[in-house]
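We begin with a single chain expressed as structure tokens, specifically the form predicted alone.
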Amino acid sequence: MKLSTRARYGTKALLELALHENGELVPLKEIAQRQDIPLPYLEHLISPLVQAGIVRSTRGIGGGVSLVKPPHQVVLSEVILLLEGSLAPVDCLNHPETCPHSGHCVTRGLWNEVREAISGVLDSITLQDLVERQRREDEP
């Protein structure tokens, strides 16, 4: 299974916001430059994050985006599901009707275990965890 650019860039953008404490507004241009994300793509990614109540956006001079929730309350599984949709590696997990064998398929069970393992990891990591990892990485 491979996550799309949406998930990777979205996570990087949220990490950048989490690194700015106290809900500080960060211009999208700054996030794009620091995280090497094309600005038009970043603008496209912010909309669903705003609609989901994870990020707020302020327009105009001095505007930008900031986290609505504290970083320790933003779980990566929520972000990835929002940006990617289902984590199922095969369609029959979400739509068993697509396969006539889904009711008695051994490999379907395997793919479900894969989905649960990925979900378990993403459920256990918050933006705060990523902030702490980044700060350890940045230490001399």
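From a predicted model like this one, the values you see are computed outputs, not experimental measurements. Sequential numbering from 1, following the sequence displayed.
Quick note: we don't show the form predicted in complex with a further copy of the same chain, though the next part is all about it.
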Would E139 count as touching a further copy of the same chain in the model of the complex under a 4.5 Å heavy atom rule?
no
Given that a further copy of the same chain is not shown alongside this chain, does G53 nevertheless sit within 4.5 Å of it in the model of the complex, heavy atom to heavy atom? no
Hey, in the model of the complex, does G103 get a heavy atom within 4.5 angstroms of a further copy of the same chain? yes
Should E97 be classed as touching a further copy of the same chain in the model of the complex when contacts are defined as heavy atoms within 4.5 Å? no
TL;DR on 61-69, 23-31, 43-51, 78-86: the one with heavy atoms within 4.5 Å of a further copy of the same chain in the model of the complex is 78-86
Contacts from 104-127 to a further copy of the same chain in the model of the complex (any heavy atom within 4.5 Å), listed N to C, are H104, V106, T107, G109, L110, W111, E113, V114, A117, I118, V121, L122, I125
